[in-house]
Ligand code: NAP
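A single chain comes next, written as structure tokens; it is the form predicted alone.
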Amino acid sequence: MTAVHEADTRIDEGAALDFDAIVIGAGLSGMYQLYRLRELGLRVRVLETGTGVGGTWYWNRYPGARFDSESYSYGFSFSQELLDEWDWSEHFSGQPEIERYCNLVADKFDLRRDIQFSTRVTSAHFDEDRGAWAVTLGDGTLYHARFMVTAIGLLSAPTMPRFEGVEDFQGQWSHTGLWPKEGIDFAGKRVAVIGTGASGVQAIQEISKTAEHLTVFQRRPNWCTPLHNRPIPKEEMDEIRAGYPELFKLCRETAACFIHTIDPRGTFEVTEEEREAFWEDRYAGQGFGIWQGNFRDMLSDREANRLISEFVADKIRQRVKDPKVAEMLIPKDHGFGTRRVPQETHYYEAYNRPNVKLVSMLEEPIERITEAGVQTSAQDYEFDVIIYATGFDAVTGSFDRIDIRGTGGQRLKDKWAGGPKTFVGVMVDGFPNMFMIMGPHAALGNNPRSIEFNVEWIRDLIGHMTERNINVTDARPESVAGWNAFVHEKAEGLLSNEIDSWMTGINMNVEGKQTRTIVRYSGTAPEYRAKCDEVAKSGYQGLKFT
């Protein structure tokens, strides 16, 4: 019997179910999972809240939104035809181009026929009698599917600040992660941007160019380094395309799947002159080189981190004309690289403009939002537009917004109350047949490289089950405990786990997320993939099958 006939037989046996698999989210993860599950002959439905594909690159259309991974290292690698067809116009492409790329992928592989847009998933409960997931939508529709795959992203649950009066403001306002498709015109407007994380940095440097006046409210500064973006001429794109095999091989070998990787030398294994020259070269280079390609002890040795922090602080002082403003922009509560490093293009120079004012919320806290603008402890500000660049309920927030319940009715949110625990970042014990793409404790970094690996691992596991007529799989509790111990072991000694950030589970705007937890895997991507491959080669020991 051929593979196709086997698949047809399985579908007939499962005719009582609406689908073999439901995938939540139509970003890069969801689209690629759909593509791979079709290979198994499965009936798949992708459920997407938005009206189009793209996920992150559908929702985040604020001014300045763009890659901080090199464009050509970010796109899909699985289709040579796609690689041959698509040209990137910049080393770090902007949101409109990225969204066009996502739409090309959807069209080229005819993905839309299995994607249901404008559809929000409100709950997903595992039906133990049927061995299937019951997924409820916002309009009350109920679907049943054998498998459920979450492709909901690490940074896809926008959070608003907990200020009084947000709804009172009479002007125009938006969160950067929920930007209106029609855009916002800032010309001649008095604008406030609240927040200076990665999204805020990108937006501020663009809004400052057209706003009549821009006031930036900063709770805590971040270390930002130059993106050094530039166009890609056709000849250069042809060279990049010819080198794709080597480029993707490099990404598979580096610590975080970027084209940059950790320098094997220690900070104090070189002379002071060599160290300064190395840092100057990294600061003048493109993208994450100074963060992901720095000395191996930068994020574990306090003195090494102090030195690189002072180097970057001096760069800020050189670029910002007002010494007081420069000091306000230099972080005092964390060292360089211990939080995500926003990439910028003339961000610091924006504060040299006469139409830009920086307000420290540590010195002048916001007390409330008013009908006319913002009231701080010192004065009332009037604005025409307020932009909330206040980030996301990261990693687990997208899961928390869906009522996910496993065996015995256990809620995932309750199970993860003290911090997430998973098996290889893909499965959770007590939640059978649920698979997570880029879940907590999976490898992060240049995400599409990790997405491709997670998707294919999930595809292979489901294929393993269908070939053997296995209906249900679940992670063993001891397997989850073992993976959790490994993740914690990899986090030991890292300075980043000693500070508050979304990477340590902190979000001051979300109740119950003010205590640090280990929400990410801190080891290298090659080591992560090796562990996952071992599980597959062992016949998926660590899982139980029914």
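Residue indices: 1-based, along the sequence shown. Being a predicted model, the structure only gives us computed values, none of them experimental.
The form predicted in complex with the named molecule exists for this protein as well; it is not shown, and the discussion that follows is about that form.
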Next item on the list: Answer yes or no: in the predicted complex, does the named molecule come within 4.5 Å of a heavy atom in every one of Tyr62, Phe67 and Asn509?
Entry: yes
Note to self: For the interface check, one of 337 to 345, 319 to 327, 372 to 380, 243 to 251 should have non-hydrogen atoms within 4.5 Å of the named molecule in the predicted complex; which one?
What the structure shows: 337 to 345
Note to self: Counting any non-hydrogen atom inside 4.5 Å, which residue from Leu82, Ala313, Met361, Ile262 sits next to the named molecule in the predicted complex?
What the structure shows: Met361
Checklist line | Option touching the named molecule, based on a heavy atom within 4.5 Å in the predicted complex, out of Pro161, Gly165, Gly285, Gly419 | finding: Pro161
Next item on the list: Would you please decide whether Gly425 lies within 4.5 angstroms of the named molecule in the predicted complex, comparing each non-hydrogen atom pair?
Entry: no
Notebook entry, point to check: Contact between Ile152 and the named molecule in the predicted complex at 4.5 Å, heavy atoms?
Noted result: no
Checklist line | Proximity of Ile387 to the named molecule in the predicted complex, heavy atoms at 4.5 Å | finding: no
Next item on the list: Tell me, yes or no, whether Trp57 is in contact with the named molecule in the predicted complex, where a contact means a heavy atom of each within 4.5 Å.
Entry: yes
Next item on the list: Pull the contact list for 443 to 464: residues with a heavy atom within 4.5 Å of the named molecule in the predicted complex, in sequence order.
Entry: none
